[in-house]
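Two versions of one and the same chain are coming, encoded as structure tokens; call them structure 1 and structure 2.
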Structure 1
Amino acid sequence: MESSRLNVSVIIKLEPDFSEGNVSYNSDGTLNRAETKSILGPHSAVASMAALNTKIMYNADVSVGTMGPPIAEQALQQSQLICDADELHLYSDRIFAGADTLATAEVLRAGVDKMHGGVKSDIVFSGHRASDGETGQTGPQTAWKLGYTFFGNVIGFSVDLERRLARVTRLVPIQGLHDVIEELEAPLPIFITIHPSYKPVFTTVSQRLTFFKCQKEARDRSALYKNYLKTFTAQTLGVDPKLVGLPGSPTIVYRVEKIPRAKTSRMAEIVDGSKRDQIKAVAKKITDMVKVK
């Protein structure tokens, strides 16, 4: 008989922090990750929030995994701070380098199979896409390799633990129309990519108290995240070397070009709000523009 407790997995990614404005590139146009500050990807953070929701609503056991170099531990720690993860996985091996989305999905598929002590995950979450790739392919490809029912653009979900059934609400973009909201049901296990607009809402006192409890526990756990961390190589994951890294990547990125910043064509004038004459001048300009129209 299956356990009534949910086993929830999250796959995340360490991404360049483009907001810092200090992105470094190599001479061939590829990203210099060693000199570029990295953070937990914003879409991965949303997926982590979805996992937190399952922990609060269904007392789920949450595991988080990522593929990358040792520095990717930072993303796992940041995700744990959000979702209060019970287990962290880092899939790190030199032969994983140069992987496209399909080869990455193979590593993540093997990683998900290792989570929860080898017990099958009921729900796997991932972000909508990655800010340094924007393809949105890794989630669906991992779901395909796992053999899980896939739902994309999900903005809400619920689980019937007794029936082992999930109900999801998702956005379906249709050209020429506003986004269509679709509700679907499927038996567990399922794979969900979370839409960036998703935000969990806790309405009862019990849920809010559990939320605060999880927040405190997450802070304590993330401060000692290495106690929850397991690192896997290609050998310990048991993946076929021909299916990962460059050998397993049918897509090859020839070059990434930095788009030059456009020249500024607008003039800006600073107005001191404490000076009445400057405020009057601005008001006059706005009034004149309205009269012209």
Structure 2
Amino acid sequence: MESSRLNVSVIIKLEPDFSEGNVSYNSDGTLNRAETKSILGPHSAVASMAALNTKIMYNADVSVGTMGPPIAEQALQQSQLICDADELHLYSDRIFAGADTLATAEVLRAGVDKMHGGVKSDIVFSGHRASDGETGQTGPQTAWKLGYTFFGNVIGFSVDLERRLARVTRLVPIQGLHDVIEELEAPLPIFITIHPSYKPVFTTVSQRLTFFKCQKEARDRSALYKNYLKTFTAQTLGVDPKLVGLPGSPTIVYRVEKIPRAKTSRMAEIVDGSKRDQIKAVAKKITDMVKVK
């Protein structure tokens, strides 16, 4: 039944690539954004994996959206490569600039409402948080604006399509103790921020076959991602200009502490494996270390 098809939305973010070789710093130790390459944020990638899971398990219709400058298309393309998205949304407008998490959430709320041809989403995924200086509020605030039940730190989920019920497992960190795994049930729609440790597993033959089919489709689709891309402005999204961008941001940044670049503390030493004395020296270092412990 098409009407019972699961509509899954993902909100993602383009972030600087902090991996070695791709990140560039100014001489004062601040991030050089122009020189640093941008990629789909690692948390957004995990959220995309969760969406792929719904595609394989429930044949979900997947939409991915992001707010950002035109270059954020790249993140959408990378996300599509992971989750084989059926639709990509870019919310891009000069007036969105300077948005805090709340103003961002307003744009994303409006965006999610436009996904799946305007049909309500059943599940919305977002990353745990962004890795370039955000505090993990965008997800919950978007959920609040959408009026969806919110689950954070989710490490697993399943959906009962007939009863339109979701069951999620989430990590609850308890200070001083081990994390507790909590299992909860809620009617759809729900909003999930996915924990970085989430990893989908496919254990039946059909799931694996679908997985490879989706992977292939995702490769083909993301090569032509523009065919799936819709760009929205404040106007086409129909958001109130007072609620987005700088005017919609109640946060006042009092002062920004520079995060100085950590001094490299590890130094690689290259050892020639064919030289016995060098290998011996390594072995000695290791045994010395063990002895200290």
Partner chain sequence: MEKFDVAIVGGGSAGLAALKQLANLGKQAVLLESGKAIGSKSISGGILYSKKPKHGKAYNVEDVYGQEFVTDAPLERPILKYILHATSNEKVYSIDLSAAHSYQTNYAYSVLMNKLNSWFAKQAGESAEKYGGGIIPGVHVQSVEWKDGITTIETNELDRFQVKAIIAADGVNSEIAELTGARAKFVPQELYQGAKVLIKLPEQIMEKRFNISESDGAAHLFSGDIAQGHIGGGFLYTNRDTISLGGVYHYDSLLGKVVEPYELINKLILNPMIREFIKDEVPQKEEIDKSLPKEEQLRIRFSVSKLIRTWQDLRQSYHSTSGTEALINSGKYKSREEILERLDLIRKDLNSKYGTKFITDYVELEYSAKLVPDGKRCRMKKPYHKNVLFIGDAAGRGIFVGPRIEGINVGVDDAVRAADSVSRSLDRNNLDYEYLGGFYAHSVDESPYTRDMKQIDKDYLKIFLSATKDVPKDIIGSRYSMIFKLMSSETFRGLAVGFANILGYDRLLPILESEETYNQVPIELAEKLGRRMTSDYRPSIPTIAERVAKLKYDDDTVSHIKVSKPTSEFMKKMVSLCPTRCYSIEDNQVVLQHEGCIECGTCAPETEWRHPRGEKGITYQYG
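Because the structure is a prediction, the values reported are computed rather than measured. Please note that residue numbering is based on structure 1, beginning with 1 at the start of its sequence. Note that the rigid core is defined as the largest set of C-alphas that superpose within 1.5 Å between two forms.
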Item to complete: Mark the structure, either 1 or 2, that is the form predicted together with its partner chain.
Response: 2
Item to complete: Could the core-superposed CA displacement of Ala283 between the two structures be given in angstrom, to one decimal?
Response: 4.7
Discussion item. Rigid core superposed, I'd like the Cα shift of Gly273 between the two structures in Å.
Written reply: 3.8
